[in-house]
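In structure tokens, the next block holds one chain alone, the form predicted on its own.
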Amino acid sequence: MIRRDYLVIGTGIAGASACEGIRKYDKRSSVTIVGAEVSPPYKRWILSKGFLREKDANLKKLQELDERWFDAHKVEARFGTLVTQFNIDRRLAVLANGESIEFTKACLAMGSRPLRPPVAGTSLGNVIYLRTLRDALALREMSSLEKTIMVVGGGLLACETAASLRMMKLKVGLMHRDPYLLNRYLDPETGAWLTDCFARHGVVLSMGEALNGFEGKTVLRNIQTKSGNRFPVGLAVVCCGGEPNLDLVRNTPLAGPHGSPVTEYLETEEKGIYAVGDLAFYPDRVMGGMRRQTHWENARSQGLIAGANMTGKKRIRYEQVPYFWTEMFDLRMDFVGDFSVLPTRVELQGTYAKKKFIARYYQGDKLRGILLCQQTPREVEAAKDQLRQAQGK
């Protein structure tokens, strides 16, 4: 039996940041981080952007914390290791190799996995789900061999991937069941403008087409839509959303329908067990309600705060304006605030034509979100302050 003061499950940025938070306030206690990925923590958000486009894969640019950091801070890191059982009452985790770790406190940071659409052919060869470094390396290699690539989806990952592949001078199609891209976040007018940008860059758009299945014996040959259309393609990148990796704690209080419910201190209802990053369903102290975010900045900051709170030497609330950003072609867009509900009114400052604007999203008279296109970091920080003031925070 291995005994540890702290156990962190998940070797992504959230888990690694939790180790940083722990070590900032507790230098001596025993810490183990364990995760299924064989690589040390890396900047996952780069995979669909610069990493995909570069001629030579620069793995150093991806690194967040390397193995030397864990050694230097006396954190036992077990990469490529799966946790198969997690016993809350006994405070015990069982690894795939049969070893058991008894812990005092734990942080769940297992991240999320790509959703596989409920259609035929999702496991065919040349059907890619972009999530890990291994996926990105495979996509880089396969995209150089196939003449036609179809990206399925219309969210952030789909748009970033389609833009990167097109910037590589590849023939790229994008299939989305809704009438415009990023429809989860954008109002119809801004969404139509962005969709037109993709068309002008040469992405072949199939909007309003719902996926019906992937066809082929062992390798993808066609994509079929529910309207009966068939697209002959040699490679598909499926970006249809993700779901939190909660199988390890399924049917326990640590798993809910929207993630792992936590307090403002990122602690679950099981005292001493925390959840961060893609898992955490947390109270949003600025915008109100409960929220789960799946973006790098959120995972990083939550990990640091949870790690600090686990030591008992700090008591820090997670209180940040929701924020994420994206890059597509020559566009940089920052999303500040709550975009979960379409606005009743949009106030546009600037113009779509010049690709430089600020769109303020209102629910009634209340400012709820600010979209910034090609704006400075100072403008982004000002938007966060403006939203805090609008919510009376």
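Note that residue numbering follows the sequence shown and begins at 1. Keep in mind that what you see is a predicted model, and the values were worked out from it rather than measured.
Keep in mind that the form predicted together with a small molecule is not shown, yet the notes after this line are about it.
Subject >> Heavy atom within 4.5 Å of the small molecule in the model of the complex - residue from Ala308, Leu130, Met175, Leu266 >> reply: None of the other options qualify; the answer is Leu130.
**OP:** Go through Val75, Val286, Ile88, Val83 and name the one with a heavy atom inside 4.5 Å of the small molecule in the model of the complex.
**Re:** Flagged contact: Val83.
Subject >> Partner-proximal stretch of 204-212, 130-138, 144-152, 189-197 relative to the small molecule in the model of the complex, 4.5 angstroms, heavy atom >> reply: It is 130-138 that comes within 4.5 Å of the partner.
**OP:** Please check if Gly369 has a heavy atom lying within 4.5 Å of any heavy atom of the small molecule in the model of the complex.
**Re:** Contact check for Gly369: no, nothing within 4.5 Å of the small molecule in the model of the complex.
Original post:
Is Trp69 one of the residues lying within 4.5 Å of the small molecule in the model of the complex, judged by heavy atom distances?
Top reply: Judged by the heavy-atom cut-off of 4.5 Å, Trp69 is well away from the small molecule in the model of the complex.
**OP:** Answer yes if any heavy atom of Asn245 is within 4.5 Å of a heavy atom of the small molecule in the model of the complex; otherwise answer no.
**Re:** Residue-level check for Asn245: yes, a contact with the small molecule.
Original post:
Do Ala36 and the small molecule come within 4.5 Å of each other in the model of the complex, heavy atoms counted?
Top reply: Answer yes; at least one heavy atom of Ala36 falls within 4.5 Å of the small molecule in the model of the complex.
Subject >> Contact check for Gly15, Trp45 and Thr294 against the small molecule in the model of the complex, heavy atom at 4.5 Å >> reply: Yes: Gly15, Trp45 and Thr294 each sit within 4.5 Å of the small molecule in the model of the complex.
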